[in-house]
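The chain below stands alone, shown as structure tokens; this is the form predicted on its own.
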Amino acid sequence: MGSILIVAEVQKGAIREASFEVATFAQKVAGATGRDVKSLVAGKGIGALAEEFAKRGGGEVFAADHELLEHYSVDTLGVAVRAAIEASGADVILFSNTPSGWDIAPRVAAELDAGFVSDCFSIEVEEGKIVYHRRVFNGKLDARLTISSEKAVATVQPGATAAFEGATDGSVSQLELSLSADDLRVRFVETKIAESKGVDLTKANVIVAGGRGVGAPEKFQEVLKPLVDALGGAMGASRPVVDAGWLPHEYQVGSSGQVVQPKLYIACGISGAIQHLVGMKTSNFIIAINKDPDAPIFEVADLGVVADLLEIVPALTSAVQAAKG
């Protein structure tokens, strides 16, 4: 039996939170199948990051430290990934489903002649087989996939699970690479970061989201925003709200927006279309407020309130403010 190799992603001098989420799945699968967890941390001056990842779910970490790995390139990282696969004997290789993961993971799968599954929201072990879960047809269906080839490559959806928070007895070893600038097909020029707009909902601990049931665009500021502020959270929205132009797209939660997993998700006037549910149903605690007792949102809610949100939300805001003094 092989091992599981996590390809950790380094960004702005730190390991991305999404990589620790991949570690959660890797540790679970390893425990159920008897595989070892191994990882690749690649970059320049990444010794401390490799040590950190080894202690937080990364297992045996291969540190690929090279000046040509300072900036992302599919050529240079591809060399490191192939070397790590050979060194680890991995038969399951996991990436985050991020722009760099989209770029390199299918290339690695093609080179290995491996099965490939993208954008998994869950990885389970059923009857000894690893089953990869992903959503298809714009989130209307969940597909359960097994891979028959000797090796499997998969990308994991950010926000699909909590980041690994335990402590592991990992280790770090240096991965020697043969890299030369003369062998590269591309060269790094610069990184341009787009101006940040709105809120990164994937990092919010509390989200108050509104749907068409809020009634009007101004109600988001008049009714929902005070609750958002009282809870110290972020505002979200369903797709109909965004399509109607009530809020920008960066506020959208769902299969065509952001997938979130906050500690608390309050859905106000959201009926619960499947496209929305797939983006928030793994939240730790869900409160749904809707006048329709048959709204699908209640099927995933931990607490349901059948009432007029324009009455309940202000009362809830007052209660939170009073509790906080």
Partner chain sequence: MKIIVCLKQVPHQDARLDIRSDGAWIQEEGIKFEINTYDTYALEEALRIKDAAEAEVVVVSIGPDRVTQALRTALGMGADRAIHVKDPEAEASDAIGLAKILAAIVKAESPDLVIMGMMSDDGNFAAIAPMLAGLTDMPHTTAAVKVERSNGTLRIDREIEGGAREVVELRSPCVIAVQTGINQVRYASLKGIMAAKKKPFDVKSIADLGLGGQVGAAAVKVRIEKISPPVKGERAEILEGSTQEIADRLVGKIKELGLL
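Being a predicted model, the structure only gives us computed values, none of them experimental. Residue numbers count along the first chain shown, from 1. Only the largest set of C-alpha atoms that superpose within 1.5 Å between the two forms is called the rigid core.
Another form exists, predicted in complex with its partner chain; not displayed. Remarks below refer to it.
If you check its partner chain in the model of the complex, you find no heavy atom from any of Thr161, Phe220 and Tyr251 within 4.5 Å.
Taking the partner from elsewhere, Met1 is found to have every heavy atom lying beyond 4.5 Å of its partner chain in the model of the complex. With a 4.5 Å cutoff on heavy atoms, Arg144 counts as touching its partner chain in the model of the complex. Although the partner is absent here, Ser180 sits far enough away that none of its heavy atoms falls within 4.5 Å of its partner chain in the model of the complex.
Taking non-hydrogen atoms only, Lys263 approaches its partner chain to within 4.5 angstroms in the model of the complex. Heavy atoms closer than or equal to 4.5 Å to its partner chain in the model of the complex belong, across 286-325, to the residues Ile287, Pro293, Asp294, Phe298, Glu299, Ala301, Asp302, Leu303, Gly304, Val305, Val306, Glu311, Ile312, Ala315, Leu316, Ala319, Val320, Ala323, Lys324, ordered by sequence position. After superposition on the rigid core, the Cα atom of Trp246 is displaced by 2 Å or more between the shown form and the other one. Positional change of Pro262 between the shown form and the other one reaches 2 Å or more at the C-alpha, relative to the superposed core. In this overlay on the rigid core, Gln275 has a C-alpha that sits 2 Å or more away from its partner position between the shown form and the other one. A change of 3 Å or more separates the two forms for Val253 and Asp119: their C-alpha atoms lie farther apart in the model of the complex.
Put simply, Gln252 and Val22 spread apart in the model of the complex: their C-alpha atoms are 3 Å or more farther than in the form shown.
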